[in-house]
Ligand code: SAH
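One chain is shown next in structure tokens, namely the form predicted on its own.
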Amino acid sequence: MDPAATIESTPTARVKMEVFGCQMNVVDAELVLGRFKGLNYGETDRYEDADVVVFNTCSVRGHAEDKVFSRLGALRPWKKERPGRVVAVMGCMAQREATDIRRRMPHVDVVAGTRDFPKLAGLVDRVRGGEGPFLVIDGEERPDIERSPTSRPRPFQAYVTIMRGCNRPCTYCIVPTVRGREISRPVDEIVDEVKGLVDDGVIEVCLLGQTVNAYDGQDRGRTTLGTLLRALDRVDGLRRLRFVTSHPSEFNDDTWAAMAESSKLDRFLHMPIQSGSDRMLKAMRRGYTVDKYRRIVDRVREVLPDMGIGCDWIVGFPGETEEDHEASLRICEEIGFSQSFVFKYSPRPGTKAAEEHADDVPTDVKKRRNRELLAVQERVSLAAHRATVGETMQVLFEAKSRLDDSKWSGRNPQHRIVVAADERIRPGTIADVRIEDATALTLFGDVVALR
């Protein structure tokens, strides 16, 4: 039988996929859904219509794991309603808490870790055939799974994972434990994937890695992220390119040069600082000082003066004082980040921070520091956004505005949200927009011309 005919026939079952955590989990979910489609499964957003529910999980913060356990508990009656329904868990939490998931949630049929997720669809199919349950967490260091170009939420955008794992020794982070050591994909393999996506209508690609600028194409010393950026810049039809997440200590001159040369690279760099205190950065083992971070920002703006810089912060790390927190507030304002994601410290079992330090900053203090840092960012963003009023900028429109469905929302090259109304706009439209008004979160404008 023709495989295409099988995929297009009536699905044998429907899958509800729910993703927690980072963009890499989003991509892994797309890869797994592509494998399900190959087995003639359909997809649904509704639990009541689903035969299979898959949670793709995160372990970076305790709250994410608590939410998954709560959702899994709520699936007990869902599973009893219809014999043959299947529950599966994949991702970082599955890797770290596999035994506990099976013990606490015996109705879970499949648990697949970060290196075994390519097997998940096949294991679910076996459960529906009467086998199982299955627990697999000891897979290959570099999981291989062929991508279905059509399996993604937006037809014009795609995430592409260029490496997995992390070698950085940050004391608060569980990622190296659950994701393993850094493994990069070869340049040619990534270029072929991007070409396939572009042939299917993609115009914007975001390259993903836990420490994406440590990319070496399995050839450290001769291949860098810059090598890959140059190769992708030559892909006809690709109009926008970006990458996340970068570590300040992993940039090199070749990557800077490639960024400056690229005609497609967005002017946005996500580069977490985590704290404005050298004492906290040392305790976190981030591998740089505040002054070194400043010098890296200076280098960014020397190479690409219009580059927006996004940032992650951790407040309430063990031992953080008010003086440490004030230092973070100062550096946030000084550098002028275009956006900040602020997280309250959450001890993760198995990390050095959790093993060696008490979680000694009270919750109410963490919440206050979170609010104060976000308030500084709001002030910085508002000033930067107001300064753009009157400018014309290129915008890739993504979807209807969540607050006003008569308007469209998109992002400019600095990854700032832009809202405009024009009857010609569709998802994936690129247009020149003149900015007329601004808030701390959003720019508002009028379409001048379509690209």
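The first residue of the shown sequence is 1; numbering continues from there. Please read these numbers as outputs of a predicted model, since none were measured by experiment.
The form predicted together with the ligand is left out here; the points below concern that form.
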Contacting member of Val205, Leu228, Met163, Ile314, with respect to the ligand in the predicted bound form [4.5 Å, heavy atom]: Ile314
Counting non-hydrogen atoms within 4.5 angstroms of the ligand in the predicted bound form, say which of Ala29, Ala50, Ile417, Val60 makes the cut. Val60
Looking at the partner-bound form in the predicted bound form, is Gln274 within 4.5 Å of the ligand by any heavy atom? yes
How about Lys344 - does it come within 4.5 Å of the ligand in the predicted bound form, if we only consider non-hydrogen atoms? yes
Heavy atom of Arg286 within 4.5 Å of the ligand in the predicted bound form: yes
Using a 4.5 Å heavy atom cut-off, state whether Val136 contacts the ligand in the predicted bound form. no
Are all three of Arg242, Phe337 and Gln377 close to the ligand in the predicted bound form, meaning a heavy atom of each within 4.5 Å? no
Within 4.5 Å of the ligand in the predicted bound form by heavy atoms, the stretch out of 70-78, 170-178, 298-306, 197-205 is 170-178
Taking only heavy atoms into account, state which residues of 419-451 are within 4.5 Å of the ligand in the predicted bound form, ordered by sequence. none
